[in-house]
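Only one chain is given next, in structure tokens, and it is the form predicted on its own.
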């Protein structure tokens, strides 16, 4: 099956377009809600949490894992790929960077950890030296989204303040460098204006995954095609179910609550 890992709810913004694009595969989603947000953690903890998550997913039968978390992709993906070279683990950062270089001036918003890592800026510069990148950390957005408070006036006011400096650079596109942020995409679009293209990780990853599986038929053949969906969370299963049904329009059975430890 294909494993989708995120620090909480954000990876669902990747899972949904991936399922819509490739509905035939089996998917196992793991949200580490109990330890969200990852964006305030140091790199050592993010690597530790991510390693616990991928081992958990491999033990549950995942043939391919997608880090549907920008913070984990920026700070832990390379560590995982180097430590487990025979395993297939993909992130969201490179596919989005490949789309971003189509523009001359790009804004990036994300968690403190993602922005501090300069991962997007470095990846974009590897592809194109012509694209200018302007970044802004937005540390309060994930907690608002995880609490389902992101439509409140306070959240919108904070978002406007965060985007002020990005707008001042007259960017042509904006990377939502956290998979939680698409839950506020309409607010991003309204504040940034019609001339700015919002780059949504989920839609980009879904498109790139199709290409990846075509290039790796040996992996594609190993993934079961029974259209099964399983949801796991380290947090409250009831809250998880209510959140996904409210915001993603997906009716699911009660998710299973799990605990991540180094031995799993």
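Numbering follows the first chain given and starts at 1. These numbers were taken from a predicted model, which means no experiment stands behind them.
Missing here is the form predicted in complex with D-glutamic acid; even so, the following discussion is about that form.
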Using a 4.5 Å heavy atom cut-off, indicate which stretch of 48-56, 203-211, 217-225, 64-72 touches D-glutamic acid in the model of the complex. 64-72
Heavy atom within 4.5 Å of D-glutamic acid in the model of the complex: which of 142, 174, 89, 159 fits that? Just give me the one. 142
Mark residue 106 yes when one of its heavy atoms lies within 4.5 Å of a heavy atom of D-glutamic acid in the model of the complex, and no otherwise. no
Quick check on residue 231: any heavy atom within 4.5 Å of D-glutamic acid in the model of the complex? no
Even though the partner isn't displayed, in the model of the complex is residue 38 close enough to D-glutamic acid, meaning a heavy atom within 4.5 Å? yes
Looking in the model of the complex, the residues of 1-30 with a heavy atom no more than 4.5 Å from D-glutamic acid, listed in order, are 6, 7
